[in-house]
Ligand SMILES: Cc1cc2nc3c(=O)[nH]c(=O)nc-3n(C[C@H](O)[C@H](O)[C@H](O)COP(=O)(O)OP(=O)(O)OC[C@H]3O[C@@H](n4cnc5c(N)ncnc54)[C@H](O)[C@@H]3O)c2cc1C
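Here's a solo chain for you in structure tokens, the form predicted on its own.
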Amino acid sequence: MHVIVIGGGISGLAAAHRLLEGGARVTVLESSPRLGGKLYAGRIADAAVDLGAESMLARRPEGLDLARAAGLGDALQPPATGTAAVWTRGEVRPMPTGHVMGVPADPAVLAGIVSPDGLARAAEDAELPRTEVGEDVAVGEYVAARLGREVVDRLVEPLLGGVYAGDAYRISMRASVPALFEAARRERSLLDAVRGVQQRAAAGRPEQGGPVFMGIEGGMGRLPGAVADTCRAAGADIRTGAPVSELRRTGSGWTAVAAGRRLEADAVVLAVPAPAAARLLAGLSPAAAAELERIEYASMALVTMAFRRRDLARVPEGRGFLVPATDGRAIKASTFSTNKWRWNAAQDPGLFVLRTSLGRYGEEEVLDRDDADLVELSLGDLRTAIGLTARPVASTVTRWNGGLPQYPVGHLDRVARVRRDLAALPGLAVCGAAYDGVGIPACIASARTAAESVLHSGSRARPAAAPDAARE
């Protein structure tokens, strides 16, 4: 069975890896000159850095399992410090503990993050009548109804914004925080719902104390290359600079046209962003393509800067801080990479690397500025937040235009409709951040499900007509 995987990000590579495990012959087609998508390794001041995603959730197995399968098990490394903060109400304040995506079990943990009036409003949840969530509800809308807008604006929004670069008052609770959504359907009180989520999580992780996130020594950007190497060793044909301009159903198989060359296969996995998938599916499944076209994306930029420690009046502490949109700052977060990752600190003891992120859904005008302006905006906010007055010895700006899919209320129903419509096309599956979660483990899980779907379809289909490489 020959399968074409369209897209060479971590989803496409994970799909290829699973297909090869299942005995398929695989061709991966990536339009850009490099693999990895949002996992992007780079260098600054001769030090390795991540210019995209820098960590993955460790309490889901998919990312760790793939890293180990790709030979990176010994390179897995948790953050060196768990100390994070929120820059709000004029100060950088420690991140409170005992919450689920910013929603506390006890409002008292938010002291300092929200005002005394905000704490009093949150405590009213215990007496309020039930707030129905229905089939779905926006996280911000529901939490504000139970605990007040201040809890949303000062903590829930920056935490969700760090994942989706989105608006908490639009983001689906069912899609983004499913455990909390299900608990909210059962409990009258949101505080009780959070306590229930925490108790069930603790029961499911009797070991406790393990890291929440995990990185890779040398950067998360190493993962795509390692997976690609593993796939090539298993026989995969992986091509970059090969944009697919056309996808057709041909008899019981598929034809893709990439960089002017025609390839035939028994099945296809589409591991590309929703707009690209919509273009390729427009003539095959107009209904699915129309749904995919409606998926919106947010753009963002990462500003990575390197400083000489001797130039810093005071070395920043902790791993960084989040910034609520309500405070009107340019940056939405800053990560102190040298503090967060031991491997980063070990490269050059005289160097301090940090990065900022800018751009939120609906507030992306800042990204119209040139790179030098984004560096200066970041330095201005860092000066106000932590007293940083030094100039970087090197800086780089990485722009992720249309980089983060948005999950508004009803997103999961839209995804279900897409997959229902595509079920009429045997041997075709979709995966990636637009569907089942934007984190690395979620993308890998989505990819494995797509791969297993086409492997299953192939077990009932006729064999490929020819064994030559990609049947061009």
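Remember, it's a predicted structure, so these values are computed and weren't measured experimentally. In this text, residue numbers run from 1 along the sequence as written.
This next part talks about the form predicted together with the ligand, which is not shown.
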| query | finding |
| --- | --- |
| Partner-contacting position among 49, 67, 418, 440 - heavy atom within 4.5 Å of the ligand in the predicted complex | 440 |
| Listed residue (361, 336, 181, 400) with a non-hydrogen atom within 4.5 angstroms of the ligand in the predicted complex | 400 |
| Contact segment among 441 to 449, 408 to 416, 58 to 66, 41 to 49, judged by heavy atoms lying within 4.5 Å of the ligand in the predicted complex | 441 to 449 |
| Contact flag, residue 436 vs the ligand in the predicted complex, heavy atom cut 4.5 Å | no |
| Non-hydrogen atom contact residue 53 with the ligand in the predicted complex at 4.5 angstroms | yes |
| Any non-hydrogen atom of residue 404 within 4.5 angstroms of the ligand in the predicted complex | yes |
| Touches the ligand in the predicted complex: residue 3 (any heavy atom, 4.5 Å) | no |
| Sequence-ordered residues of 293 to 313 touching the ligand in the predicted complex, heavy atom within 4.5 Å | 300, 302 |
